[in-house]
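So this first bit is one chain, no partners, the form predicted on its own, shown in structure tokens.
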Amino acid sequence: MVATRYETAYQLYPYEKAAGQDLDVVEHHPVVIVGGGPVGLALALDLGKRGTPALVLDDHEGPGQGSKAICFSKRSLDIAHRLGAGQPMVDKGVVWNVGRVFHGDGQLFSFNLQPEEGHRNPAFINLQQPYFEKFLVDAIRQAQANGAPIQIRGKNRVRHIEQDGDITHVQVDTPDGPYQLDADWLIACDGAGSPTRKMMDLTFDGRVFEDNFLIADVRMKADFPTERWFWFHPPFKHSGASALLHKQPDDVWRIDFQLGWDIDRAAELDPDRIRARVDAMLSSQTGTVPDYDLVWTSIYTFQCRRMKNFRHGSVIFAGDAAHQVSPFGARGANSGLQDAENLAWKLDLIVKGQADLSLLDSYAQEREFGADENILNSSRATDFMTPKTEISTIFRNAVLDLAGKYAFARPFVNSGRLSVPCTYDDMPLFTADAMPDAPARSRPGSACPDAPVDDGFLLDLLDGQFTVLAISGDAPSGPALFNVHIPDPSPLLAERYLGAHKQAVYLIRPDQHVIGRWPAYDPDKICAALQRAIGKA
């Protein structure tokens, strides 16, 4: 049997008996993905749309109750848009670009995460994770209808794996009993408590910070703006050392309270105690306490950990199974989606025999680098929010006092550096920059910044293939790649890709990262950069 660990918000992939389960036949699959969360679903969708079969095994039939991850970044929305799921997410989500930071009852400063125009997607949306997963599954169903070889099996729990050379044997429990399948590649996307990682007796190292935070999702009608509000030393009772407020869809507001380390979790989760905290916050801000319902509550502890290696032969780890960061900064699910987009095109080439196995080592190298970057930023935010020594507390309080008066101190205030796409500077698959004086934001290793093109946007033209992008100048010809020529770039496109140059040629990876750029088209340089990009330099 498959135990139910939590109630589901939606039944997105109801259990069905596998076709060969009674035939005593061991199924064979090119790619098996363990875990049907955002990372596993995005990876399956990306692979399936490329024509590579992907099987997702999940021990439930849909996402669990509760909002969980809610802040999805522009890069994640760009990925979702390429996969056919982005627009429903933006339509349903609460769009926000502005945040405010308070100290006590005074505002220190505000910030705008996307002050410039010319992007399809906003800096962030707030959208409950069950909705995010539902829209991915909707896109998978559409892709399946168009012939994409994707399967999702609910109530299929992986209970044992065994690596045997290039094959991984997988034992699966279902309501109708166990069965076995073999996988060329097993991708573990099964969360921070990853059963796959534990089955392989692999470590998950890092820091557990001595602090606890209470989440209270509250449904109410309120006139707060759709902004991220963060307080150091909030002016309301029972709040702890910091608090956070921002809006989700369906008139639900996320409130976080910092509780400290030595707490009674059961007592803190008592609804009356939670209501006392929420009442104090709302009355402090509005003068009254509006009617509200507690939708979901939870307590979490800051943790910044990762596996030493993300690849173990034919078993690869992604998302929270590979790395975990504290929620402030919205780096968990967003970095996991970057894992999925990085892995999908590389695994697709491997399965189709178009690249060497060593290409998958670059997934581990690049995403381990991304994990370290996220852990560094998350740890710095946590150390600032929850100083553990007398001198760090003095420093934090001095910064807060100065930031209310002087602009120079505000960059030192850290309430969570919000997620941005990872730039793979100096990584082996990228080519040395031939235009070092061009805009830094579009240098090799970076994710392509969006920009207006005719009646659409640039990223719409970069739809998951290796692409030669020629801006101004002549149309490219030569290597059998997907070529995009923009003879008359918009001012914003020129600003983001040309700078002072009259023209440029870019080579773009399937995950929309820049491989290399040159002031003029040279097919030999393009071919050499392409060989490097697939690990054949």
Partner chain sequence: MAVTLTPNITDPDGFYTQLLAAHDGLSIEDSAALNARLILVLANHIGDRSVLTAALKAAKLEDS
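Just so you know, these numbers come straight off a predicted model, no measurement behind them. Numbering follows the first chain given and starts at 1.
Form predicted together with the partner chain: not shown, discussed below.
Contact annotation for residue 91: none of its heavy atoms lies within 4.5 Å of the partner chain in the predicted complex. Although the partner is absent here, residue 164 sits far enough away that none of its heavy atoms falls within 4.5 Å of the partner chain in the predicted complex. Using a 4.5 Å cutoff between non-hydrogen atoms, residue 412 counts as a contact of the partner chain in the predicted complex.
At a distance threshold of 4.5 angstroms between non-hydrogen atoms, residue 269 is out of contact with the partner chain in the predicted complex. For the options 300, 224, 261, 408, the residue carrying a heavy atom within 4.5 angstroms of the partner chain in the predicted complex is 408. Taking a 4.5 Å heavy atom cutoff to the partner chain in the predicted complex, the contact residue among 426, 105, 401, 356 is 401.
Checking 389 to 397, 120 to 128, 441 to 449, 94 to 102 against the partner chain in the predicted complex, the stretch whose residues place heavy atoms within 4.5 Å of it is 389 to 397.
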